[in-house]
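Quick heads-up: it's one chain on its own, the form predicted alone, in structure tokens.
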């Protein structure tokens, strides 16, 4: 998807993705178990949506649970799923008040029934809201998303009279339409907390031209000031999309 002139000239990201890292280390430093870190992190996630809406951001993706996170200790995974089942219904009235449209990205079918029910109910209840999109990435992986789109493209091509021609006609725009939630905007800014400097299979396609921002702050300690610092850094970036600096400036 090519950026519009409005998108390239804006100093505010339309879509911000956040890898919320550091819950476990925060809990350990506090002498608490890892689940307590995730509970505190969930509070910060709720606050970030509020701050983002007030600042004018339209979409926020939060990497809540990756396809690889199933390999974590079973007790921690069960605790995370229980948090989903409990906290989403609790925050639903606030989402309605703030005009938040709650969405998910990823395959939620393997989630326990209680968590899956809470997620689906929130998606349905908020589907007509328009203040800000909260995209919770659950059982999500960027490689898996791209692979799913590739399989969809192959299935489509094999149904055509000329499969070879159908494959040749495929381009980045039409391929993206085969991905999960293709109406979500490409990522403008990717923030990772916790000090690690990698994107960990998050929004691999849609982060192609995202600005990357890494901070040592552990997610439970993240504040509005930290978010505003990331946005200030974003404003100072020159987004060239493959062009030269002179072309952009002219």
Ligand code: FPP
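Residue numbers count along the first chain shown, from 1. Just so it is clear, the model here is predicted, and its values are computed rather than measured.
The form predicted together with the ligand exists for this protein as well; it is not shown, and the discussion that follows is about that form.
Quiz item: Is residue 154 close enough to the ligand in the predicted bound form to count, meaning some heavy atom within 4.5 Å?
Solution: No, residue 154 is distant from the partner.
Quiz item: Looking in the predicted bound form, any heavy atom of residue 107 within 4.5 Å of the ligand?
Solution: It does not: once the ligand is placed as it appears in the predicted bound form, residue 107 has no heavy atom within 4.5 Å of it.
Self-check item: 4.5 Å heavy atom contact, residue 207 and the ligand in the predicted bound form
Solution: Taking the distances in the predicted bound form, the answer for residue 207 is no, it never comes within 4.5 Å of the ligand.
Practice problem: Examine residue 215 and determine whether its closest non-hydrogen atom to the ligand in the predicted bound form is within 4.5 angstroms. | Solution: It does not: once the ligand is placed as it appears in the predicted bound form, residue 215 has no heavy atom within 4.5 Å of it.
Practice problem: Sort through 141-149, 121-129, 84-92, 165-173 and report the only stretch with a non-hydrogen atom within 4.5 Å of the ligand in the predicted bound form. | Solution: Going by heavy atoms within 4.5 Å, the stretch is 84-92.
Quiz prompt | Answer option from 184, 55, 199, 45, heavy atom within 4.5 Å of the ligand in the predicted bound form | solution = Of the listed residues, the single hit is 45.
Practice problem: Identify whether the ligand in the predicted bound form is within 4.5 Å of every residue in the set 20, 76 and 80, based on non-hydrogen atoms. | Solution: Heavy-atom distance to the ligand in the predicted bound form: all three under 4.5 Å.
Quiz item: in the predicted bound form, which residues of 33-62 put a heavy atom within 4.5 Å of the ligand?
Solution: Residues within 4.5 Å: 34, 38, 41, 42, 45.
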